[in-house]
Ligand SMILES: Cc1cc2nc3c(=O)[nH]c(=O)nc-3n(C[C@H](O)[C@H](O)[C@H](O)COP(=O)(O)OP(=O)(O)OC[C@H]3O[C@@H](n4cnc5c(N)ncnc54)[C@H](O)[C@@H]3O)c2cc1C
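Just the one chain here, the form predicted on its own, laid out as C-alpha cells.
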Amino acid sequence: MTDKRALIIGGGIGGLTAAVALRQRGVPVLVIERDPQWSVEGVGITQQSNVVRAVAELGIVADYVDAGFGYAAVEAYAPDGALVARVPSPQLAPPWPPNIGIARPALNRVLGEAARSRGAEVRLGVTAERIADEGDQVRVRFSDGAEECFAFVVGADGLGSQVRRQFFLEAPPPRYAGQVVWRYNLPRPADMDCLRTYNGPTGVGLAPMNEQTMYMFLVTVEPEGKVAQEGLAAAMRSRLANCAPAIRALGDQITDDAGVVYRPLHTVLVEGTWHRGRVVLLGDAAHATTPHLGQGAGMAIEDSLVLAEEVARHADPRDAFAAYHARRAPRCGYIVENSLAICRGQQGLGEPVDMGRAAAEMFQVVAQPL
C-alpha cells in the first residue's frame, strides 16, 4: 500500500522514525506536532545495539552517529566508586558502534531533517480535533480548521496519547511506577569512553552524549505528584549523599534548577491489538516503559520499521496493523514487564533483580531479528 496518505500524530522519536520508514516505502506522510517550537528535553538518551541496527535500516545512521557519541562497553562501579567490571557490548550493525549516547535535541534534529528530506510534510502547532474512521478512510479535522482524509492514522503521541484515549476506551490510564528519574548535563571527562553505572542505595549513571558533554541520571523513590522547578538542583544534589565520592563531587556542579529534568515514571501496556480500524498506536502510546533496561525509545524506533514493512506488504492497513502487533507485542511486553520488575524490586515491592543478569537476558532478546 503506497498510494494513500498517512497521518502521524506526534513529532517525537516514534513519529519521526515512522515518517522516515514509511517514506522509504513510498507512503505519503503528514506529521503533526502540537508544540509549535518542536522543543524537547535538553538532556540525553542512551541507545543500544538493537537501536543502532534499526537506525541503520532507516538509512540515517551516519548522521545519527555523527550527532552523538558511540561507545562499545558499559562499566559497573561499586558503591565506594571502585570499578567492578567493564562489559563489552554486542555489535549488531558493523561498522557502526554498538551503542550511542545522544542529546535529545540532536536526535530530534537528525530525525526531523531526515523525515522532511525524504518528503514527509511536518506541521507544527497543530492538533487533531476530530478523528473519524469512516471504514474506507479516516477523516480528520485539525485545530487550524483544515479537514483532510487519510488511508490510516498513527498515534505516536506518547504516554498521554489522545489517540489511545479516544479509540481504546478499555485501556487503563498510565500507572505511576513509584520512582522518578533525574537528569542533568555535565562536562564529559576526556577519559570517559562508555556508559558508567554506579551501584548503591541510589542507582546513578553517567552517559556520554558528545565529545564535550555527558549527562547524569539517577532513579529515586518519590511520592507521586508534580514538583516546582525552583529548588530542584539542591534536591537532586541531596539524593547523591550516599553515592560514590566521584558522584558526590560531580553533584557540586548541579546548580541550575532549570537544567534539572525531573520525570516521574509511568507505564502503559495496551492489551490486545494496537489498532481500531484504520487507527494504530506506536511507541509509548501503546507500551510506555520505565527506563531500567534503556529500551523505551528503542522499542518505538523498532515499531516504526515493522509498521512500515507491514504497511508495504498489505493492501489493507488493518491487515498490516494486525501483523505489526503480532511481531511487536511479545518484545515490547517483555521490556515493559521486566523493566517494571526491576523498578518494583528496587522499592522492596518485589524480588530484587540481578541487573547484570537482567541486562544480559535483555540483550539476547533484542538482538533477535525484528
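Everything numeric here is computed off the predicted structure, so don't read it as measured data. Numbering starts at 1 and follows the sequence shown.
Although it is not shown, the form predicted together with the ligand is what the next lines describe.
- Item | Candidate from I247, V279, A115, L265 lying within 4.5 Å of the ligand in the predicted bound form - any heavy atom | Of the listed residues, the single hit is L265.
- From the list R344, R331, R34, R318, which entry has a heavy atom within 4.5 Å of the ligand in the predicted bound form? Among R344, R331, R34, R318, a heavy atom within 4.5 Å of the ligand in the predicted bound form occurs only for R34.
- Item | 4.5 Å heavy atom contact with the ligand in the predicted bound form for all of R23, V29 and S49 | Checking in the predicted bound form: none of R23, V29 and S49 is within 4.5 Å of the ligand.
- Message: Since only the chain is shown here, I'm wondering whether N99 would be in contact with the ligand in the predicted bound form (any heavy atom pair within 4.5 Å).
- Response: No, N99 is distant from the partner.
- Query: With the partner left out of view, is Q162 within 4.5 angstroms of the ligand in the predicted bound form by any non-hydrogen atom?
  - Reply: Yes.
- Message: With the partner left out here, check for me: in the predicted bound form, does some heavy atom of A308 sit within 4.5 Å of the ligand?
- Response: It does not: once the ligand is placed as it appears in the predicted bound form, A308 has no heavy atom within 4.5 Å of it.
- Query: Any of the heavy atoms of T127 lying within 4.5 Å of the ligand in the predicted bound form?
  - Reply: Answer yes; at least one heavy atom of T127 falls within 4.5 Å of the ligand in the predicted bound form.
- So which stretch, 88-96, 230-238, 151-159, 251-259, is the one near the ligand in the predicted bound form (non-hydrogen atoms, 4.5 Å)? Checking each option against the 4.5 Å cut-off leaves 151-159.
- Item | Residues from 293-323 in contact with the ligand (non-hydrogen atom within 4.5 Å) in the predicted bound form | Those in contact are G294, Q295, G296, A297, G298, A300.
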